[in-house]
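Just the one chain here, the form predicted on its own, laid out as structure tokens.
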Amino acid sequence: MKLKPARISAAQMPPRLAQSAFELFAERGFANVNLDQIAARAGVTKGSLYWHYRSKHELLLAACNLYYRQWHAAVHAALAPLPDPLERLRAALAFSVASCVLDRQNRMFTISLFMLMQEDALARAGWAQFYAAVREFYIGLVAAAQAAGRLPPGAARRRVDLMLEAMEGLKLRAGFEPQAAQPAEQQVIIDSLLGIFLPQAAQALPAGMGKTQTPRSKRTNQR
């Protein structure tokens, strides 16, 4: 006997539609997705979709908010059992690399969002708010590690900005050099980012990683 699909409650509908929109936007880009496809992915009618969201733009913002909430919840859960400030920073970097760089779905969604928000003020404002919250989160981790003597003193805000800039650049680089975002690169990426806060970490990396190499000709001329 064929079972009927489970009924979706009204409370479940908005997050289900937002998740479906997120998945499709990550797979195809915003311009290549329509409301029929989102409704079909969610397993609901287009009429049901319109009951909760009036446009694809509303679903875009809902998908963004879903991504932001899930990121914050997951990173805090990853850090919860760790008391040591430096280990908390290291765990946050490991989570961010896995979630934002190595996870192709998340990476493609944010890259598509970067393109769109150049012309969409609401999408841009939402990302700016999320980015500011992530920045303050990392500044707090770095400041706590510095206060505990686990990191050398320094400008926490500027170092966090450099780390976030490096991570966003790595997402874009993965578009033309996919090997840069492979699981085999995860530890090297984490160590390189940690080296921004803890220079000793960069010293353990292979030659060429985490520090600038001086060309042989320049070294010769400096003697």
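Everything numeric here is computed off the predicted structure, so don't read it as measured data. Note that residue numbering begins at 1 and tracks the sequence as displayed.
What comes next is about the form predicted in complex with the DNA, which does not appear here.
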{"query": "Partner-proximal stretch of 176 to 184, 163 to 171, 61 to 69, 34 to 42 relative to the DNA in the model of the complex, 4.5 angstroms, heavy atom", "finding": "34 to 42"}
{"query": "Joint contact, Ala73, His76 and Val142 to the DNA in the model of the complex, by non-hydrogen atom at 4.5 Å", "finding": "no"}
{"query": "Gly47: touches the DNA in the model of the complex, heavy atom cutoff 4.5 angstroms", "finding": "yes"}
{"query": "His52 within 4.5 Å of the DNA in the model of the complex, heavy atoms", "finding": "yes"}
{"query": "In the model of the complex, Arg159 touching the DNA (heavy atom, 4.5 Å)", "finding": "no"}
